[in-house]
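Okay, so here's just one chain, in structure tokens, the form predicted alone.
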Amino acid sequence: MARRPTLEFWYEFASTYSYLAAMRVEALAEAAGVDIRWRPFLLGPIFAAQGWTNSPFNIFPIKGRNMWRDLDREAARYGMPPVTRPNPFPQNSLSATRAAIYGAEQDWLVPFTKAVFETEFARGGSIAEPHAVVAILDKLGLDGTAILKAASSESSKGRLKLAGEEARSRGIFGAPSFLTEDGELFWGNDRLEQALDWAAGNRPGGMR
């Protein structure tokens, strides 16, 4: 059997459009014959390097208002629950991302990722506090306290830092981002289908 191509899905838990992509990517990837590598990371340091200390959707209010309306339209189009804005926005995603980095090779990474996004954007709940992340893990039948403790170790913190450095070195500047095996970068939930097509070898106009 031929090896299936892999698409890297880089996502930030505080990112609204990462939420939409995370809820869609598995079914679309399976239909395209592409495997997904889930890559959680922190976008804050990348924004800081660009001179932003807050989400651009807060820095530019008119852009933020349009984004929330667009999310409502897109969620309805995808048959997803209405989006509920968490307070504050963006949420501090450090604890959730540490847990995801710790579980990067575990079979609970994907259900955990989806549960975090649903807590935050489908129910408007907080993911900022460590106890909130523990509760999400516990609901998945895991030992949330033990996982978050391990995820807070120096070695795990180091892996999180390395993920951010890798993202920057590979040209990632926002989330969600999708990277193909040949290094093609696609940014945004609305580029998910194009990223999968490229990963599967379906290139527009004979592009290479």
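These numbers come from a predicted model, not from an experiment. When you see a residue number, it is the position in the sequence shown, counting from 1.
Note that the form predicted together with a further copy of the same chain isn't included here; everything after this is about it.
One stretch from 86-94, 122-130, 68-76, 106-114 that, in the model of the complex, holds residues within 4.5 Å of a further copy of the same chain by heavy atom: In the other structure, the partner sits against 68-76.
Non-hydrogen atom contact residue 37 with a further copy of the same chain in the model of the complex at 4.5 angstroms: No, residue 37 stays farther than 4.5 Å from a further copy of the same chain in the model of the complex.
4.5 Å heavy atom contact, residue 9 and a further copy of the same chain in the model of the complex: Residue-level check for residue 9: no, no contact with a further copy of the same chain.
Quick one: does residue 204 come within 4.5 Å of a further copy of the same chain in the model of the complex, counting heavy atoms only? Taking the distances in the model of the complex, the answer for residue 204 is yes, it comes within 4.5 Å of a further copy of the same chain.
Are any of the heavy atoms in residue 3 no more than 4.5 Å from a heavy atom of a further copy of the same chain in the model of the complex? Contact check for residue 3: no, nothing within 4.5 Å of a further copy of the same chain in the model of the complex.
Given a 4.5 Å distance limit between heavy atoms, list every residue of 182-201 close to a further copy of the same chain in the model of the complex, or none if there are none. Going through 182-201 in order - heavy atoms within 4.5 Å of a further copy of the same chain in the model of the complex - the hits are 184, 185, 186, 187, 190, 191, 194, 198.
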